[in-house]
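Starting off, we have a lone chain in the form predicted alone, written out as structure tokens.
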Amino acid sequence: MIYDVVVVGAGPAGSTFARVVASGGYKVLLIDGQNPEKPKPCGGLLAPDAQKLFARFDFTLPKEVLADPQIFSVKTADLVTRRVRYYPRYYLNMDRYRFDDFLLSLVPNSVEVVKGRVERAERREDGFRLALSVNGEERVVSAKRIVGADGASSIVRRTFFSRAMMQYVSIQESYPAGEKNPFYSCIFDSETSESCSWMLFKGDVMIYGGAFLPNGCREAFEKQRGRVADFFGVDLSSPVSREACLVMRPRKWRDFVTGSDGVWLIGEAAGFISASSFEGISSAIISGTYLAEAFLKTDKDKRISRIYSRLARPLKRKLWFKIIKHWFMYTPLVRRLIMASGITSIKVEEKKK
């Protein structure tokens, strides 16, 4: 069988694309490489933009997807200046794997879903050939088109587009929550990382993680972990699990790649991720929807590329401003001045013991 389109990646971007495009009668193969035993490091917070998209699609979230507690503010801490500010935020706290599984459950049965991993992809005269690893065995499939929704380490982007992006290594550990007051923190520590870290609670689990430059990332994480434990007064000595993965940060307009000639990118694979917060769920859902809408308007590759590029232009502009915001947040002197001013922050009354 030759599929009309093979979608590599069944996260929010890939599942959304497959769900929407299925109504056009395309023969779609969706490759799901997620493993619940090796979850992707992620805060698992559904931002307001993504919530608005769910309202647009008339979706509701089952309670099984949500994790306690829900969040109304972020405790922002600079470990170098020892300054703390609280800022209002309106996230939904979720179990990320269950959330992805919920989106995948919305994909109609007309879409073939395969648990596996793409090992190789190549262009042929009659389309594309992909070699998959499925249950330890190789399976070769043919397709007229490919959609890369496979995140920061996208094999589709690496194979067909020479547009490397700046990458960090995201490392995240889980700990027993204990009796510590639940809070969500955004952590800056210029001594160990030029990026940010986070701490949050999901039920009886406390999560601490961060993004670090690849060179010396493990050593930087270990050093920062000690500084975080001291600053917040928490025990980070006995993690019950650790995960790591690559995350990308767009730095310039050309980092956003929508694709062409029968190969398109959506979600983080396309560079559609916030440079300031690494939030990517809303951009994944938006870009997956836009590409599917382009497929439903025409079956000509060049027109699909033009329509998708036009639809994605506002998303690119929005993420470009996130690149500018990154400079304000991650330049230590500027961040120090902003936090000292208290602009947009809120006063939080300490709980009585």
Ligand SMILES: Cc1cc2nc3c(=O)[nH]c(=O)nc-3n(C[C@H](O)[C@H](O)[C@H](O)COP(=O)(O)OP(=O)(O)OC[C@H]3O[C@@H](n4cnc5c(N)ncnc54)[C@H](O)[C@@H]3O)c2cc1C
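This is a predicted model, so every value here is computed, not measured. Residue indices: 1-based, along the sequence shown.
Absent from the display: the form predicted in complex with this ligand. The rest refers to it.
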4.5 angstroms heavy atom contact with this ligand in the predicted bound form for E279: yes
Is there a heavy atom of T76 lying 4.5 Å or less from a heavy atom of this ligand in the predicted bound form? no
Residue-level contact is defined here as any heavy atom of the residue lying within 4.5 Å of this ligand in the predicted bound form; does R96 satisfy this criterion? yes
Is there a heavy atom of A284 lying 4.5 Å or less from a heavy atom of this ligand in the predicted bound form? yes
Interface segment, criterion being heavy atoms within 4.5 Å of this ligand in the predicted bound form, picked from 189-197, 142-150, 256-264, 68-76: 142-150
Any chance V8, A13 and I273 all have a heavy atom within 4.5 Å of this ligand in the predicted bound form? yes
Checking M165, V111, V247, A220 against this ligand in the predicted bound form, the residue with a non-hydrogen atom inside 4.5 angstroms turns out to be V247
Only one of L319, I304, L45, L29 gets a heavy atom within 4.5 Å of this ligand in the predicted bound form. Which one? L45
